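The chain that follows stands alone, in the form predicted on its own, written as structure tokens.
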Amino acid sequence: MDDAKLNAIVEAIVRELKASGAVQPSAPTAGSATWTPPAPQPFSAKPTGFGGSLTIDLPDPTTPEARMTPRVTNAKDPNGVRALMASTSARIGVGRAGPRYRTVSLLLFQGDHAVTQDALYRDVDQRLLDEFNLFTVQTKVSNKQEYLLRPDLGRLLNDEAKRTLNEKCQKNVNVQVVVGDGLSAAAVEANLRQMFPVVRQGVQSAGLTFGTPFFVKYARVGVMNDIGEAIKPDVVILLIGERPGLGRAESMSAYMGYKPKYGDTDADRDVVCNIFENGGTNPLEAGAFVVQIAQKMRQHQASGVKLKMAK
């Protein structure tokens, strides 16, 4: 086929597209005889979205329906894809646009990342701490940025915290419950109201003494050692926010240790993790389970690896 025939075919296709409205006629360009500069448009000092009304023309990609919608085109087994997606929170069945993610997948990723950042950088709501009469002490960390860069300082109480614990806390109790922000304030807020009363009631129903609960700001798990040295409880239970995943910021853990002291490591501790409703360990069940573990710790005078060996 020569160039003349090819050009004729292209021109015929373009004419059809223009006639159907799929393609708009090209505007004259600067420098052509028919080109005229566009008329100046009035400037708006109050653009949409800054004090005016904001129109959102995209669906929310974070809804459960949007998350569970398969994006794979021409799937051999569409029902199989849906079943796989329902069985895991992993990002499968998202499809692709060429070698790249689809726009909806990218927007969901960015939205979930924003949830993670919010959980990580904000503080636990003071109203929640007041609700449970939790006074606050702090580790040797001075701000959130230092908390992320210096986990070693998050394992140590500052001097004022040690003085406060000495003044306000009962000593030598059977069970001491501590709440720490950890890496997710959202996790504490999502689970504390359900789990804390179960733990307190369970400890008291078992005939054990329940220590004065308090909150530790900028807490790492290792702060249990300093707490154990300061007030000498039999068992320390630390309810702390877990490292948030993409779109999963409400997961809390309960770390436990028998008479924690300087030098103790993760091998000396037990943990009930992934505490959250709808997919994790239910906080009510977790509370009851934690009390059972505390009783076993006191019975065998051990925790962590030593407790497992004693069973």
Partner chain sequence: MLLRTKLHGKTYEFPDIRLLMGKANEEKSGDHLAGVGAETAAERVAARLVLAEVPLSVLRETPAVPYDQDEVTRVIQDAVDESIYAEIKNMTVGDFREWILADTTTPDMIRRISNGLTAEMVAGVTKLMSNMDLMYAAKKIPVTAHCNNTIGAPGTLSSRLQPNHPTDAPEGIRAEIYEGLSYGSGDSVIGINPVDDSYGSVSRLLDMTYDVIKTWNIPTQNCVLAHVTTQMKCMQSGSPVGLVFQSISGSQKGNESFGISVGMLDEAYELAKKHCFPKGPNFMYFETGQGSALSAEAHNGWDQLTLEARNYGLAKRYHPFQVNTVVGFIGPEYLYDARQIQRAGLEDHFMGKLTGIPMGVDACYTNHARADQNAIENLAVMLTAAGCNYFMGVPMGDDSMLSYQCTSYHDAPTLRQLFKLRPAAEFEKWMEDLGLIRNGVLTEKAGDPSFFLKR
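Positions refer to the first chain, counted from 1. C-alpha atoms forming the largest set that superposes within 1.5 Å between two forms make up the rigid core. Source: prediction; values computed, not measured.
Another form exists, predicted together with the partner chain; not displayed. Remarks below refer to it.
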- Task: Please state whether all three residues D77, R91 and Q117 have a non-hydrogen atom within 4.5 angstroms of the partner chain in the model of the complex.
- Result: yes
Picking from D123, D152, E160, E131, the single residue whose non-hydrogen atoms come within 4.5 angstroms of the partner chain in the model of the complex is D152
Although the partner isn't part of this model, could you tell me whether G207 comes within 4.5 Å of the partner chain in the model of the complex, counting any heavy atom of the residue?
no
Test of understanding: in the model of the complex, would K259 fall inside 4.5 Å of the partner chain by heavy atoms?
no
So in the model of the complex, does G245 come within 4.5 Å of the partner chain, heavy atom to heavy atom? yes
(request) Although the partner chain is absent from this view, report whether R193 comes within 4.5 Å of it in the model of the complex, heavy atoms only. (result) no
Only one of 162 to 170, 226 to 234, 208 to 216, 106 to 114 sits within 4.5 Å of the partner chain in the model of the complex by heavy atom distance, namely 106 to 114
Taking the partner chain in the model of the complex and a 4.5 Å non-hydrogen atom cutoff, the residues of 167 to 186 making contact are L183
Any CA movement of 2 Å or more for R193 between the shown form and the other one, core superposed?
no
_So, superposing on the core, is the move of P78 at the CA at least 2 angstroms between the shown form and the other one?_
yes
